[in-house]
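Quick heads-up: it's one chain on its own, the form predicted alone, in C-alpha cells.
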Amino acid sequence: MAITVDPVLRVQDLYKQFGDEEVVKGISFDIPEGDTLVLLGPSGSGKSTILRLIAGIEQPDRGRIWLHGRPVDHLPARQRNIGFIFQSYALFPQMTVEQNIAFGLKIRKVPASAIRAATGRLLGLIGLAEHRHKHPSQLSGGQQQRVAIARALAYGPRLLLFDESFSALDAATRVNLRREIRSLLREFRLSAMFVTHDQEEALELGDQIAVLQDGMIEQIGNPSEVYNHPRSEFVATFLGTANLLLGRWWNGEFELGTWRLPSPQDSLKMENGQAVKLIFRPEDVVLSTHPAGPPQTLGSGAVESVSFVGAYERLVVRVNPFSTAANLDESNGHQAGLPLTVTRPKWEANRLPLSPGARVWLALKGYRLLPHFVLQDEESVERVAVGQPRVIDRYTNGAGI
C-alpha cells in the first residue's frame, strides 16, 4: 500500500481583495518536500500578495493554507515557522552580522551556547566568518543577502520565502548567489518559494514555475514544460521570446498563405476555418541556403538585420507566406512580408555567416498551435496575419520585463 506524504505547503482556492480590487483569485498549488516553486509574472499580478498570505503578514479573504498537513491560515506569522527573505534584506543596521543571524534564536530564548554554535556554522556556510563583527553598512549587497538568508535559516524554518530577493544586485552577483542558494536548499532539503519577474531566475531556480496574470495562475509546471509547451499566448510571450503568426486551421493543419504545417500531437482539435496562432521560439528556427532541414519548412526569406548578443546571434528575417519569394517593396526599400526573430548559437553563426540582404530558407524544429479567440472588430485572418505580425520579446539582458 502506497504511503501518502503531505506536501510541505498546500494552498487551496486562495482569494484576497484590497478595496474594490481583487488581487488574488482562486490560487491553488502544492510544494513537495525539498522542492522550489517560483511565482513568475509582471508587476501587479499578485505574486508578492500570495507570498505575504502564506507568511501570515496578510490574511486571506477565502481559501486555506496548510504546512505539513496542518492548517495555518488562522495562525499569526510568528507561529508559522516560515523564513521570509525580503527584497530590502531588512537587516538591523545597529547589529553586527553575527547579531543579525542570532536575532531569531534569541527571541525564541534558545540557550546561548546553541546560539553560538548555530551562528558559527551559518557564518561558515555563507562564507562570512571573517566579517562577523561588521555592520550591514560595511557589506556589499550580495553579502547582506547572505546574512539575511543565514538569519532565516538559523531557527530551522519549514519553508523559505524569497520576495524579489535578488533584484537589487548586479548581474554577476545575482547569478552567483542564485546558484549558492540553490545548493543550500538542496543540502538542507528545504522547500522554498521565490517571487520574481526575471525569467532566467525562474528557469534556474524552480522545480516548478507558476506563471501569473491578473491574480490567477495561467500555467504551472516544470521549467521545460512551461517553456516548451505554453498553454496560452501570455505564457509563451512572458517566459522568453516568441514569434506569433495568425492563420487558420484546415484539415488538421495550420494554413497561412502557401504555408502548411501539420498539427503537433498535443494540439487541441479545432474546427475547419478556425483562426489559430502559430507560436515558435527564435531558437526553433533552422536557417539554410537551400530548402533542406526538418520537414516543417516555411519557405525562403531575406535577412533584414543581424545582432551579436553575447552567447548567440539574433537575426530578423522577413518572409512572405503569400508568395514563393520575399518581395522587395521599392516604395520604402524594405522587404515586404513578416519579420521573424531567429537566434543561432555562435558555432552555427560561424558555420553559416549571414549578413543583411542574404537569402535563406527557414524550417521549424518545434512549434505550438493555439486557438485564437477573434474579437468582434478584428479583420480577416489573412489581413491581420500580413498587417500585424508579432514578435514578442520578454527577454532583455537576462531579465524579464
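The structure displayed is predicted, hence computed values, not measured ones. In case it trips you up, residue 1 is the first one in the sequence shown, and so on.
Quick note: we don't show the form predicted together with adenosine-5'-diphosphate (ADP), though the next part is all about it.
Chemist: Does any heavy atom of residue 337 come within 4.5 Å of a heavy atom of adenosine-5'-diphosphate (ADP) in the predicted bound form?
Modeler: Although adenosine-5'-diphosphate (ADP) is absent here, residue 337 would stay clear of it in the predicted bound form, with no heavy atoms inside 4.5 Å.
Chemist: Residue 42: heavy atom within 4.5 Å of adenosine-5'-diphosphate (ADP) in the predicted bound form?
Modeler: Residue-level check for residue 42: yes, a contact with adenosine-5'-diphosphate (ADP).
Chemist: So in the predicted bound form, is adenosine-5'-diphosphate (ADP) close enough to residue 343 to count as touching (4.5 Å, heavy atoms)?
Modeler: No, no contact at 4.5 Å.
Chemist: Since only the chain is shown here, I'm wondering whether residue 49 would be in contact with adenosine-5'-diphosphate (ADP) in the predicted bound form (any heavy atom pair within 4.5 Å).
Modeler: Residue 49: contacts adenosine-5'-diphosphate (ADP) in the predicted bound form.
Chemist: Using a 4.5 Å heavy atom cutoff, which residues in 17-33 contact adenosine-5'-diphosphate (ADP) in the predicted bound form? It's fine if the answer is none.
Modeler: Heavy-atom contacts within 4.5 Å come from 18, 21, 23.
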